[in-house]
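To begin, one chain is listed below as structure tokens, in the form predicted alone.
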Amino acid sequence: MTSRDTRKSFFLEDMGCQMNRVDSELVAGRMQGAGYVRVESPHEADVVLYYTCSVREHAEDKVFGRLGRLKRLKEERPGARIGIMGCMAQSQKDRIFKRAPHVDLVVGTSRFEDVAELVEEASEGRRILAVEDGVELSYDRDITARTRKHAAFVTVMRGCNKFCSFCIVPFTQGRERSRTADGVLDEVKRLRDDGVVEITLLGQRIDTYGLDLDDGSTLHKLLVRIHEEVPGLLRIGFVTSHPNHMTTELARTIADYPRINRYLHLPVQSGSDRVLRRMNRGYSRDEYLRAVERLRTHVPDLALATDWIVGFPGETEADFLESVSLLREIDYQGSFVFKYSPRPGTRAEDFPDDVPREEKERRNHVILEMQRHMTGARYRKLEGGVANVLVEGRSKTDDDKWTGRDRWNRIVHFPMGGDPTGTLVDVALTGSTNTYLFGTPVV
């Protein structure tokens, strides 16, 4: 008798941002609590779930590609159930059923906590569309269902009030809603007690945390409470920040509390004021630079990463060169570059998508290559020094080495006996590439 005869199984893949990873861990906990066993392949599963992203067109195309390959599975095993969850489910709604009629349930961003019950309803032969707006989530999750033993993400707020013209997030996630600080602290302590030594707080605009509460909560106060009230954590981080809310108090907190990472993801999207206005980002190039100056005044060694969108409607070569010059001026440690694609329902969908695909590709390549060389130059200057590395596990490219990150989010590879995962190791840096550092443990 096969395992499918005796127990129910599920396959779950999450795509997109870190918040999707946390939500998919909550989904996994709900499924396991209902008696399902997680398996590693959709072809082994009674229930196949994808937790999706809608921020880029490529992310949705990836999901439909997965669904196309599952069509034969559904023909061979009609009793299997296929579900789409998250932002793509919220934005595409019943259009998913039309394009992929073998899908059984579509569950949006306000109903994924009910996944086990919805799967059972679908198992009765019904198609389930659960995309109601305004359903408040509890944040409760089985913390043991996470994918990493020593590190965890913690969602501290949901939604976004900043309607950038290119972004679908406010439409799929709703308005900003912050958790109470006590609720966050409770989850962080439970994670610490279960072996977690690094936590990363998550929010779409995390530096607006607490502004919707009436108790005076702010991100810098939350970070201080975690630092002081949760001993045992080795590292504390947070993403993603918005330049308009980068306060002096937050910069001082990063500087004053040693277990808070000195790495900040601060998306700029463009270096051109004209493009920034069309994007409705709410700041100018100079205002962004002042936010960076405010940070570096208090944290001179802060490592900054950013996001760029190239090929935004109306972006001229002169606009693009403004981004290139800002990249040089800021001297980022890392850049994430995205080629613009229109998102249904956003204001920018009405703008002519007038930058040719080949030109988007070229601009994407220019930024990536510049960043690669800049990062390489930064890393070469570190050779001969020592990095304090929080070990994450085996290197994915060399089984003989371990890998981890320092407080500046720099990846370091090194050989070592035993299993140092979840511990801090001092590594003497002997070399580097454009993407990582390597060395030997200090003994």
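Keep in mind it's a predicted model, so treat the numbers as computed, not measured. Sequential numbering from 1, following the sequence displayed.
Keep in mind that the form predicted in complex with a small molecule is missing from the display, and what follows is about it.
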Exercise. Looking in the model of the complex, any heavy atom of residue 166 within 4.5 Å of the small molecule?
Worked result: yes
Exercise. Can you check whether residue 340 is within 4.5 Å of the small molecule in the model of the complex, heavy atom basis?
Worked result: yes
For this session: Consider residue 320 of the chain shown here, and say whether it contacts the small molecule in the model of the complex, taking contact as heavy atoms within 4.5 Å.
Result: no
Exercise. Are any of the heavy atoms in residue 309 no more than 4.5 Å from a heavy atom of the small molecule in the model of the complex?
Worked result: yes
Seminar exercise, completed: Heavy atom within 4.5 Å of the small molecule in the model of the complex, from candidates 208, 253, 261, 269, belongs to 269
Exercise. So which of 63, 55, 70, 26 gets a non-hydrogen atom within 4.5 Å of the small molecule in the model of the complex?
Worked result: 55
Problem set entry | Segment that reaches the small molecule in the model of the complex - one of 55-63, 408-416, 26-34, 375-383, heavy atoms within 4.5 Å | 55-63
